[in-house]
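Form predicted on its own, single chain, as structure tokens, below.
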């Protein structure tokens, strides 16, 4: 061993600080599940129109079964004008013709359940499409009418009502209010304004209205009756707004959850905060919890441990844990973990803080590294600033180091999957897909790109159709080779058919990790930090049951003790763990 190398813990010195204690008690499936996110329009195209669909999902379920995931979460496939890729819902009880039919969903559910894969569907309760029947009748109705009471309509400020009701800004950029066109029956202040925290085509619902609450409980039952196993709840922290809708001087205009008025402490604060929380009078109001307690009761009417998953950009983690208290939701994405940079101290801090907060309420921690709203972690971790959180990447921006990003992403994923709790995998990450960073402006579709007048690249780069066959047109995405967004030529080397059964491929690493995770019971295990860094702060090591997880984030290799068994590794390992590599060891 050279003087610059570090030594991993020996099997005789594995005592460490206990961070999280696992339980052998009966467990609901969602407590330790690995759930695969399908973004339907980009997963697989069954009819050849270039847009992925439900039959395409059904046709590729064997890929998920081979991978070894426990469940699949599908982003919205409901009837929609697709102004925000389906997150603008016009009918919550129907399938958009782009994606198929209700019968196709029934077939997909049956096929997934036959393979032992549960199905979670997206629910978008903060807002509807402006084409939803409710909003259309609200537009036709007068100010102060019952029809408008389902949404957040307000008179404007100023003598003529021509100033927005408050100063809130949209998450997609620009004002969060749109004024209606003038009508003869307008009041003395003229046309009213409506609130939209996202695009102007996505009016916010008023969750103080009993009809809104009753409607969504009915929507839950509609899909539960069809056999879905749970719901991922979009903008779960945004349904209730502060009384009076007060002005706020902060900003919410960053897609990944960071607000540009928040300074992030690089020193890894003890509460795990990274600046990922969205603050202000439009978020994380106490009234949301009453809604989720009611939804929990609806799910409890059904057999099979149905679950609610919160997409809640909330910090500190103790505040996020309130969403998964007994009788409320079951999982909440850990965006503080997702937004932590490639830094061992910061990662140890956010992991420890996550367990402190969630153990307090008896809930699992739900780990995630990528999704359809953020730059893929294969590319984020390849940036010069590996803790940066760009809102998309333009071709003119500094480009990620593709090789470095993939090496770190594999190590980060193996670290995540070694942690007790549940975990989410975004489609294509099991192939090592990077962000598409060279999309031309005329092909972009994300409203965040347009509402910021092109200042933000937006989320299209992580939503490009995934490659199945290296030599096929469109890399096998569909029967015609069409794809709704163009795929870069580099996707050929990431195609699934080149990775199946190939030792060392990213797919086989994920498959081996999921198999070992299940066999060793890591999802419901415990975590004890190990004094493994031997003078190096750049090594993360912990024991989970009989497995030691060691991640070397430093520049120098770590020497392994003799006689250890390597169960899974994110890169080549012999007697040493190289830089940017994670291993699971039998201890």
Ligand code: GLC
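All values reported here derive from a predicted model rather than from experimental measurement. Positions refer to the first chain, counted from 1.
Another form, the form predicted in complex with the ligand, is not on view; read the next lines as being about it.
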Contact check for 84, 198 and 202 against the ligand in the predicted bound form, heavy atom at 4.5 Å: yes
Partner-facing stretch of 380 to 388, 282 to 290, 426 to 434, 229 to 237, counted where any non-hydrogen atom is within 4.5 angstroms of the ligand in the predicted bound form: 229 to 237
The unique member of 306, 408, 459, 376 whose heavy atoms fall within 4.5 Å of the ligand in the predicted bound form: 459
One residue of 179, 372, 113, 183 in contact with the ligand, assessed in the predicted bound form (non-hydrogen atom, 4.5 angstroms): 372
Contact of residue 96 with the ligand in the predicted bound form (heavy atom, 4.5 Å): no
Contact test in the predicted bound form: residue 104 vs the ligand, heavy atoms, 4.5 Å: no
Distance check, residue 311 to the ligand in the predicted bound form, heavy atom within 4.5 Å: yes
4.5 Å heavy atom contact, residue 323 to the ligand in the predicted bound form: no
Residues within stretch 138 to 164 having a non-hydrogen atom within 4.5 Å of the ligand in the predicted bound form: none
